[in-house]
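Presented below, as structure tokens, is a lone chain in the form predicted on its own.
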């Protein structure tokens, strides 16, 4: 009987496409800048550290098409450097400010200043092309970078329009190939949302594997022999991996998860909300709306401690706790594999742990440190073998054919986050746009008129951007609702304006060019992907 098993860490990196080149600053663009500073570059630094220490590590990572497009966008790259310079200036100002306030705050102000300068040095060294840095770790075999559907569209609600599903999947593959230089082997379905039938389109696009939530496999037909601990394959020939509930609970449970430790940094207490307006105004949105700056001086302290009673954060004490948690998690994976091995005989269990990438660093500041410490610990535990999905498939002697059940990883496990009384108004518009796009794409699929091609390509972009699951999600969660609603209406309005010009045979080239500048995504798109064949 085998006494070892595989551990597949899956990080889903995604942000909605937010690009406002007509504004010097736009508050929602900060979502990208925060993620680069707190998650993406720290990841790359961790990978370099592990490589230099010759620590064996394997990570599967989806980088979605919208995120890829934003990372290579020159305007956003320039804005990011401005954001970084502003953050460095604030950190330097905080060093002077905290000298008269508190030694613990002063220590952290100095830490932030040094860390931000390291981030800037790294960014400049790679000429802002951090996407190529991720690609280099894939070429070395450390990463398995996978794709996602084009704009993170929620596929279960599109299935009655095969052309729309195919467009989302095929453009996701095309974007990956455009920036990674080769075809992806796997995909992350937006919101981990699966419904029977989607795998047919994945297979047609050449994709070999995808992920589902735990219940997507547990309730599969037939019930998989080894539950979520061995990949299965669909009748369409696509492998399926499912989330391990134990790993999810250990890392991200609100009750017992590591990120809630009292020593870790408190996310919701930031100087952007604490300093007086005159002091902080140069470092927040020009409108005066308060926002996070990334400079935070307090720790979680305790579950029932009010936001005003938080104690001071100490990065060195947090690093000590990171090592304890990484060791704990690594040994729990060992115990889990030994336990599963007794039940699975000669079959090596595979523990799949998928998370939003932005959990590590942005929400859980110590998250990248945890990943580094985890692989250092796993290096001394032979029972746990870090592996990417293709590496797991290669060692399988047989595979069970299963049709997974409809599922998502949203609240309550199905579709209600993306379809409810708050956001259901979106879908009648999306369906109408989809039907009109299919009709015009089919009518004009043989055109050689460059004006019609440009117009229909832009219509396709507007539809895809409107289909992003992020807008419905934001409306449900009640965060930046006005922005999400305005984005949906903006893309819808653009679509209808172009459609009228095409139908009237009166295409305004300058208008199309302006929209292409505003919504600069998928430069190689071909509207014919929506055409009936």
Partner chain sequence: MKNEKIKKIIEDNPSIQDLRKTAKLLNLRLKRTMKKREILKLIKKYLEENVETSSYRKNEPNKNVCEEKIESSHAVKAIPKTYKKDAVILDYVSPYWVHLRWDFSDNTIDLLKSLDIPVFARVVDITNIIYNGFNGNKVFQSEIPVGAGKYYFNVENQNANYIGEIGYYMDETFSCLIKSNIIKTPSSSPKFSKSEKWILLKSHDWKKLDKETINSIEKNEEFKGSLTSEINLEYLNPSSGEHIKKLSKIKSGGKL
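Numbering follows the first chain given and starts at 1. Predicted model only: the values in this text are computed from it and were never measured.
Beyond what is shown, the protein has a form predicted together with the partner chain; the following relates to that form.
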{"property": "Whether 230, 431 and 487 all lie within 4.5 angstroms of the partner chain in the model of the complex by heavy atom", "result": "yes"}
{"property": "Contact flag, residue 520 vs the partner chain in the model of the complex, heavy atom cut 4.5 Å", "result": "no"}
{"property": "Any non-hydrogen atom of residue 414 within 4.5 angstroms of the partner chain in the model of the complex", "result": "yes"}
{"property": "is_contact(residue 359, the partner chain) in the model of the complex, heavy atom dist at most 4.5 Å", "result": "no"}
{"property": "Partner proximity in the model of the complex: residue 340 to the partner chain, non-hydrogen atom cutoff 4.5 Å", "result": "yes"}
{"property": "Contact stretch among 155-163, 127-135, 371-379, 306-314 - heavy atom within 4.5 Å of the partner chain in the model of the complex", "result": "155-163"}
{"property": "The unique member of 55, 502, 492, 44 whose heavy atoms fall within 4.5 Å of the partner chain in the model of the complex", "result": "492"}
{"property": "Contacting member of 265, 269, 208, 444, with respect to the partner chain in the model of the complex [4.5 Å, heavy atom]", "result": "208"}
{"property": "The partner chain in the model of the complex - contacting residues of 214-247, heavy atom within 4.5 Å", "result": "218, 219, 220, 221, 222, 223, 224, 225, 226, 227, 229, 230, 233, 234, 235, 236, 237, 239, 245, 246"}
